[in-house]
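The chain that follows stands alone, in the form predicted on its own, written as structure tokens.
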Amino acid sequence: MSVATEDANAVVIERDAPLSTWFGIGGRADRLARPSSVEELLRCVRMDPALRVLGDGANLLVHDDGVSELVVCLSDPCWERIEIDQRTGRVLAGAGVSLPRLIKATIEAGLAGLEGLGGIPATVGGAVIMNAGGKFGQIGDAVQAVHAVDRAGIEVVRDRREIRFDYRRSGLNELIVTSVEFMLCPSDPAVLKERHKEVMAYKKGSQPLAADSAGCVFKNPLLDADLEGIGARGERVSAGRLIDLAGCKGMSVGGASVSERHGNFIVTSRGCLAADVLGLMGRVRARVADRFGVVIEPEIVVWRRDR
């Protein structure tokens, strides 16, 4: 990896830079920047309006060939600030704040609304973009406003009423989130801690949290027709259950395998390639479609070169 400056304003660009993801595999970035202010981020947008944003890497698979677009990592301390107003319940968090850290801070402040998101590895920006959530809630329910930069290099604010939160969707994908405002409710910190403890216990007992994985690989599908013993038409059902019933647990391609603990997790081992994960995802989708007539769509984001 080499380091250079892209223009006279001296935004530092790392060349052939490794990209850290929870899978622990995948290609590199031709160019990587770590802006330390909104002004530097705006310069990055001017360099490459199609730039990609790297958060915690928890929901990401980078193709083995890497990516040619500029990758921006919001890891500077300026993106990791948290402001909490216990009186009003307003919380402002930078896009680079880790979600577990934010949850801990709001619980200690006696503010309810995020504790059900325990165990989700993400930064605030990435979590809001994908409306991260699960059995115990989704982050969009607590969002008041999103501050961002658009691809034209303009700072924008999206009020909650302008954001189309849905299952694993926000409609904010074309924006580069810089900070998020949350509106939370006063509560007893002891009650919140117990609730968070229960959520974490459930996830530790049902998910391979210690393995190299990216969390749930597929979205829970909506059924197009009644499926006996599973759900009714229009119902959203567990992708993990479908994968399990289709006999996919333990299935493997190269160094990638379907977790024996949770069917919707793919775990990687030494020597695994991104191509192995993609190949296994294809086999799992085909098996579920053949067994149940249901097409499951990826929840993880896949970065490919020039795409």
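On a predicted model such as this, the values are computed, not experimentally measured, just so you know. Note that residue numbering begins at 1 and tracks the sequence as displayed.
Beyond what is shown, the protein has a form predicted in complex with a small molecule; the following relates to that form.
Contact check for H262: a heavy atom falls within 4.5 Å of the small molecule in the model of the complex. In the model of the complex, none of the heavy atoms of H63 sits within 4.5 Å of a heavy atom of the small molecule. Not displayed here, the small molecule is kept clear of R43 by more than 4.5 Å at the level of heavy atoms in the model of the complex. Mapping the unseen interface onto this chain, E14 falls outside it, with no heavy atom inside 4.5 Å of the small molecule in the model of the complex.
Among the residues R160, K104, K219, R90, the one placing a heavy atom within 4.5 Å of the small molecule in the model of the complex is K219.
With the partner removed from view, the residue among K197, K135, R164, R233 that has a non-hydrogen atom within 4.5 Å of the small molecule in the model of the complex turns out to be K135. Stretch 219 to 227 is the answer when you ask which of 219 to 227, 152 to 160, 189 to 197, 104 to 112 has residues with heavy atoms within 4.5 Å of the small molecule in the model of the complex. Highlighted residues Q86, A142 and E181: none comes within 4.5 Å of the small molecule in the model of the complex, counting any heavy atom.
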